[in-house]
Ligand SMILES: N[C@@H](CCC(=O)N[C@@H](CS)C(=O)NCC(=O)O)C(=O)O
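Only one chain is included here, represented as structure tokens and corresponding to the form predicted on its own.
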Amino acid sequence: MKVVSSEICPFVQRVIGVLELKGIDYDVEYVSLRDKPDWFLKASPHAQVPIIIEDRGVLFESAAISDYLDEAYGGPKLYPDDPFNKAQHSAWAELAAKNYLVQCGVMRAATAETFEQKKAKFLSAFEKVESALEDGPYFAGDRLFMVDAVWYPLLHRAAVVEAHSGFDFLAAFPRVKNWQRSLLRVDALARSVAEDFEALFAGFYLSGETYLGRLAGRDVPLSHAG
């Protein structure tokens, strides 16, 4: 199986996290989203990553790919057996995926004012999931599910931002913070990004062009971040 990817795409990270949790063999091919090759434009109906390529053809959309991988391959099943619980997990996973690009927008904010405006919308997702979390360590207790893999890109990127800038998106959400800590210790999810991910991520989201980047360089007082 080939996964067609770009280096810091959260939707790709979601899919590779599932591949790792399931123990499925795969190769990754990176494409430039600024200069998309013709073969990729023909293979991907909406010219976006990720896509996976198998002998049977091409699949696109990270949610569809993830569910296919869970159903078609061995390894641990990533949804509860009970249909109602499965639907609940799917709904919470969808909330996470809807916030991938919201998080990207917050992190790319150039000014403190824009950052604060975008942050308010983004933090509402964490506020909602805070009340849904059980005692942990994962979303539904001791077992990892698909919903954990789908929230992981948001939580992982929040951890990278905190490590570089000191700003913690999760400061007001203790259950989400504990969930983040637990997921960051899962080796399979840690392998959902390339070895140079943090450098590439920081170069794009934590550069001098962004408010968080200037915060990371301490050009902005930390007290102004909250």
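Here the structure is a predicted model, which means the values were calculated and not measured. Start at 1 and count along the sequence shown; that's the residue number.
Just so it is clear, the following notes concern the form predicted together with the ligand, a form of the same protein that is not shown.
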### Cys9, Gln48 and Glu61 all contacting the ligand in the predicted bound form, non-hydrogen atom within 4.5 Å
yes
### Query
Using a 4.5 Å cut on heavy atoms, which of Lys36, Arg191, Lys42, Arg181 is close to the ligand in the predicted bound form?
Lys36
## Note on the structure
Only one of 49 to 57, 22 to 30, 191 to 199, 170 to 178 has residues with a heavy atom within 4.5 Å of the ligand in the predicted bound form, and that stretch is 49 to 57
